[in-house]
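Before any questions on how it binds or moves, here is one chain, the form predicted alone, in structure tokens.
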């Protein structure tokens, strides 16, 4: 049984296979007559729509379940919820607050478990990001991405995904909001260059892509004022983009807070590929589900 809790649950070869299977033309009906349970403790726009349509594209039936309907670990144990859903569904996707709930689901080992987002990681977003860059660049190895802002779950997964594909990473994060050293060491162990700096201009200089995320994620609302103070110098502006390589791309997992982590002229500008990136959430999910269904 294979699960997908973090992007490097896949090997380098397996990630390349998933990217190939994420081609928009691929839509084999491998889930015909089968269900996929999609648990959402956290609300979502892109994740719910993209994953539901990915299941539909493979001939399956998505069943979206809100967190309060099952009460993971409260109304019923995580393990028992997983066992029950495995009676009806071929796979389970879950968007949760705590990553350890996904780990508990995977230990049941009845059906593949897919991380649709946790406090630790967002691996399907990373696959969609790499798919977008691959479509634009034609290949991935030898390129570089700059991450500006919070070392969020998205930053963690993108760093690990990049390390599997030969993409160098530059991380510009304010003090106290950096990526944890074990993740940096893990990425470097695969042979890529990982630069860590508090200076956004240093990170962006010559980068082939510039990426960011919101400064305040769901569950961090009480920290909003402090975070906005800490991240004020980490806005992606047209001036910052001008320091990147010619033709550099701008990525954002969305939703974006215009005028905070990114200026509107960048988000809506010619460098932005955020809508292609959003569409690729669906293609990446379909490619992963194809792979988990045995299309390797």
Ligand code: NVA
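Numbering follows the first chain given and starts at 1. Computed from a prediction, not measured in an experiment: that's the story for all the values here.
In what follows, reference is made to the form predicted together with this ligand, a form of this protein that is not presented.
**Q** Which single stretch, out of 153 to 161, 132 to 140, 167 to 175, 198 to 206, brings residue heavy atoms within 4.5 Å of this ligand in the predicted complex?
**A** So the stretch in question is 153 to 161.
**Q** Has each of 237, 241 and 271 got a heavy atom lying within 4.5 angstroms of this ligand in the predicted complex?
**A** Judged in the predicted complex, none of 237, 241 and 271 sits within 4.5 Å of this ligand.
**Q** Heavy atom within 4.5 Å of this ligand in the predicted complex: which of 117, 127, 72, 85?
**A** By the 4.5 Å heavy-atom cutoff, the listed residue in contact is 117.
**Q** Quick one: of 183, 90, 214, 106, which gets a non-hydrogen atom within 4.5 angstroms of this ligand in the predicted complex?
**A** Of the candidates 183, 90, 214, 106, 214 is the one lying within 4.5 Å of this ligand in the predicted complex.
**Q** Is residue 254 close enough to touch this ligand in the predicted complex, meaning at least one heavy atom pair within 4.5 Å?
**A** Because a heavy atom of residue 254 falls inside 4.5 Å of this ligand in the predicted complex, the answer is yes.
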